[in-house]
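One chain comes next, on its own, written out as structure tokens in the form predicted on its own.
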């Protein structure tokens, strides 16, 4: 296939491109400097210029709890804006095959665990308030995709990666997610010789982490195997507490000081573990990289590539 990948220079895109090429696909990875996805004329020009028959749409405005709380308006505007425009222009360009990526935080805050794909919009109420505007914006565009499937007969589908982490992630202080944020703190604390690192929350929430290479492998498989309206969760299906995760990151970094938990800061979702039965059944896929191995690989990359890492 001739595959257009948006967000190709981002976290998942960086892992995905070499896998698509290895599978024999021709890849197109345009720069956002050339094609602003919030400008409809530029998105229309993109489809005219690249003539792709298949699209994997990863581009998004993303960030951790701090960023979501500080910029809720930007998160909902930029994500809904770019995705609404992009999907409409893909339809107009005659794209028959498209994979859209959205987020596990789109599920209701109180959805039962493990979280099945069927629970979206049906179980658990609104998403957690700490990322609600981003989450609902991304989920709304999944509904746009479903509407286009039904009206225009398009083979467009969605995947929902869990808490992905790995090389090329965002390690910045304000925009990082759990594992890269912890890794940054412990790394620089070790360099300074600090005896203690403060971590947000109680450490009790449970998350389902998945290594980025596993996510990328699932996307490649989905090109051939996923053709259903219902999205597919892409994750490990294994829950681990934030406390255990922090301890594993500290061990990988070699930080031997104390971890101090600031319970005055938000925990977010108390439990978020994904049901991965459909991933295994439809894609025939099980993640290969366990959490401790993935954390070690991620830290090895971070320690060797601080000049390239987003800090």
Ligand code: GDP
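Positions refer to the first chain, counted from 1. Being a predicted model, the structure only gives us computed values, none of them experimental.
FYI, the form predicted in complex with the ligand isn't displayed, but the following is about it.
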| property | result |
| --- | --- |
| In the model of the complex, residue 53 touching the ligand (heavy atom, 4.5 Å) | no |
| 4.5 Å heavy atom contact, residue 65 and the ligand in the model of the complex | yes |
| Exercise: residue 200 in contact with the ligand in the model of the complex, heavy atom 4.5 Å | yes |
| Residue contact check: residue 182 to the ligand in the model of the complex, 4.5 Å heavy atom | yes |
| 108, 235 and 273 each touching the ligand in the model of the complex (heavy atom, 4.5 Å) | no |
| Position in contact with the ligand when the complex is considered in the model of the complex, options 267, 251, 26, 39, heavy atoms within 4.5 Å | 267 |
| One residue of 136, 216, 159, 178 in contact with the ligand, assessed in the model of the complex (non-hydrogen atom, 4.5 angstroms) | 178 |
| Partner-proximal stretch of 92-100, 118-126, 141-149, 182-190 relative to the ligand in the model of the complex, 4.5 angstroms, heavy atom | 182-190 |
| Those residues of 221-257 which, in the model of the complex, come within 4.5 Å of the ligand by heavy atom | 242 |
